[in-house]
Structures are given as C-alpha cells and as structure tokens.
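One chain is shown next in structure tokens, namely the form predicted on its own.
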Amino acid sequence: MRIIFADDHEVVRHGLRFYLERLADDVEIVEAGTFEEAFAKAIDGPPPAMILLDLRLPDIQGMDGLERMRARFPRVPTVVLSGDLSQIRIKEALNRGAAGYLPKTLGGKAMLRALELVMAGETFVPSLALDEGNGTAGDYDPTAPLSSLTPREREVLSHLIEGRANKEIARALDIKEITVKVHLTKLFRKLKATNRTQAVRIALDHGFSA
C-alpha cells in the first residue's frame, strides 16, 4: 500500500512517518517536499492508496494541489494536512473533494486513528467546521468537549480510539462489560456524539491525549 506524503518540513514528515507505517503491514511511505515531486512520484509507480497533502507547499498555491491530485487520482482519498483551522478553508477543501482535513495540532496517535477512518471510507471533518460562525475558529476552545470527562472515561475513550471492542476494553481495565457500556453512554452524552465513530472523531479533532 503506497501513501504519498507531501510536506515541505522534513521534521513533520519524519514525525508522522512513524505512525503512517502502522496503517498496514505492507505500507510504503513515499515522501516529497514539494507538490511537483509528490505528483511525479504518485504517477511513477502503482497507484497510491492515499495521498496526504500539506496545503502550504512552496511550489503551488492553496487548493490547486488538491484539485490536481483529485483530477489525476479521482478514486484515491486525498487528505489535507494543515495548520489553518478556519471554517472557510476546511469547507473549501471538502467541497473540492478532500477525503479529510487533519489539523496539524493532532498528535501522532490521533492522526493515525483519523487516517484509519479515512481508509475505512469515512470523511474526517473537524467538528468546528460544522459550527455556525463568520468563517473563523473565533472563540473555539479545543479542550471544551473533553474537560468534563472523568479519568476513567478518558481511559475508556483512549481504548475506543484504538478500535477496541467493549469486551477488550473491559478486560484491559479489569471491569465488567456492562460498566464499559455505562461509561460509553456518559461519554457520548458529554461529547454530544451519537455513536462510537463520532465520539472518536470529536476526540481526535480536539487533540485528545490519554
């Protein structure tokens, strides 16, 4: 499985590569520091399974890179990696076909889980993009949905992010499965999530760390 990863900061690429390699046993990470390098490497070889694209590459403007990749590889999920959390930017990327928009503030494990969701056919969308407003993050508090969680609920959420079933969570925490379900009910209510996938998405978006 080939993943094209374009970012002009080698430190960023090196830091995320460790986690990207855990997406699959046969994953091949193809790094690039410019858009043209990434585009050439994507064409030269088997079709990529995913494209991870920084919006601020030195040789292309804004969404142009996303559009070119989407035009050349319409069936390949192209994920935007950016430090720009404005609603306008996020919505523009999604409207132009991005399979996800990952804030650079996400930790490595959170980034990995978000990409797993994308590979499973989900679209990862930061929840702030769904808020009404004037197109900027404004008074957005990145920790607000997580602040009311108890230590035990954070433990359960951590295992949920790792994709563990209720039985596995119960075994890991040495509690009953029914207790896990109670914690999940409380988690969903506090995060305003309706299911496990949405809870994970909200937690990742807000930089959750166990």
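Nothing here was measured: the structure is a model prediction, and the numbers come from that model. Rigid core here is just the name for the largest C-alpha set that superposes within 1.5 Å across the two forms. Just count from 1 along the sequence shown to find any residue number.
In what follows, reference is made to the form predicted together with the DNA, a form of this protein that is not presented.
So which of 42-50, 66-74, 28-36, 180-188 is the stretch with heavy atoms within 4.5 Å of the DNA in the predicted bound form? After filtering at 4.5 Å, what remains is 180-188.
Tell me, yes or no, whether Ala172 is in contact with the DNA in the predicted bound form, where a contact means a heavy atom of each within 4.5 Å. Residue-level check for Ala172: no, no contact with the DNA.
I'd like to check something about Asn166: if you look in the predicted bound form, is any of its heavy atoms closer than or equal to 4.5 Å to a heavy atom of the DNA? Judged by the heavy-atom cut-off of 4.5 Å, Asn166 is in contact with the DNA in the predicted bound form.
Wondering, does Arg17 line up within 4.5 Å of the DNA in the predicted bound form on heavy atoms? No, Arg17 sits far enough from the DNA in the predicted bound form that none of its heavy atoms falls within 4.5 Å.
Counting only non-hydrogen atoms and a 4.5 angstroms cut-off, does Arg196 reach the DNA in the predicted bound form? Yes, Arg196 is a contact residue.
On a rigid core superposition, would Gly163 pass a 2 Å threshold for CA movement between this form and the one not shown? The answer is yes, as the C-alpha of Gly163 shifts between this form and the one not shown by 2 Å or more after core alignment.
Classify Arg154 as shifted (yes) or not shifted (no) between this form and the one not shown, where shifted means its C-alpha moves by 2 Å or more with the rigid core superposed. Yes; that C-alpha moves by at least 2 Å between this form and the one not shown.
Look at Ala193 and decide if its Cα position differs by 2 Å or more between this form and the one not shown after superposing on the rigid core. The answer is yes; the displacement is at least 2 Å.
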